[in-house]
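Next up is one chain by itself, shown in structure tokens, the form predicted on its own.
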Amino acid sequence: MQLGSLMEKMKMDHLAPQVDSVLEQAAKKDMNLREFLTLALETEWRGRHLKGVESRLAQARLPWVKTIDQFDFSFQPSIDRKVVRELSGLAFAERAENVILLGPPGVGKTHLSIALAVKAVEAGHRVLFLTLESLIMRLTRARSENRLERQLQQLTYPKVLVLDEMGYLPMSREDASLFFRLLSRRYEKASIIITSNKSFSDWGEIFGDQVMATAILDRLLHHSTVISIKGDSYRLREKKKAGMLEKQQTRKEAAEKEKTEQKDPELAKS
């Protein structure tokens, strides 16, 4: 049987197009049979791994791909790098623990959540990224179509579920109840990463009910790592460097003054 036929039957789709290159490399390095076989199998494995990563990244629906290495820790010194490195090892996912990232808009919460999600994808885990708003829309629609149980079950499959933008929009008690049901399904079975611009003391406002918020926090925080980020927005730092914010504020004040003068010239003089 020919080599090409053997690779086809064994579904070595990644080694087949590179076999000549592998043979040439083995000859140049004067490899023995064991070394050559290792190289050939490694070539096939790398191809399969890369294809798997690409497939899982597509399924994860990440808004963009960010890594831990791309995060500027010098800009956010409040973050403990050691904690982030430990999370990058994905022990939290293996133990079905949660990660909560708190902080004002623009400090890098979503970046870190995506970077951890990418790590999980590369490790072979199934991941899903949703904003909290899109999650509630999914659950609400499923309930109205009498398929809520099936939707909840589907949302328990990802090893890591990333929920972004907790707190940007308030939730009704019914929405909070749906979220609680999902959280209960995943509790001690799979991990959730949440980003929020609200402190835990404000979560009663998010869920519209302090009792419900307490029940949610009880399950969410039982096995979790919390990272509180205190700092300036990444998105505004370049404008600050260029003095654009000050210029915009000056123009705004001038416009307000002009508006006041048009309404009441005497008041403007005072």
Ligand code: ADP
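One-based numbering along the sequence shown. Predicted model only: the values in this text are computed from it and were never measured.
As for the form predicted in complex with adenosine-5'-diphosphate (ADP), it is not shown, yet the points below apply to it.
Contact between F36 and adenosine-5'-diphosphate (ADP) in the predicted complex is not found at the 4.5 Å heavy atom cutoff. Contact annotation: D72 falls within 4.5 Å of adenosine-5'-diphosphate (ADP) in the predicted complex, judged by heavy atom distances. Within 4.5 Å of any heavy atom of adenosine-5'-diphosphate (ADP) in the predicted complex lies no heavy atom of L116.
For the chain shown alone, V107 is a contact residue for adenosine-5'-diphosphate (ADP) in the predicted complex, at least one non-hydrogen atom being within 4.5 angstroms. Contact annotation: adenosine-5'-diphosphate (ADP) lies within 4.5 Å of heavy atoms from the stretch 58-66 in the predicted complex, the single such stretch among 26-34, 58-66, 220-228, 198-206.
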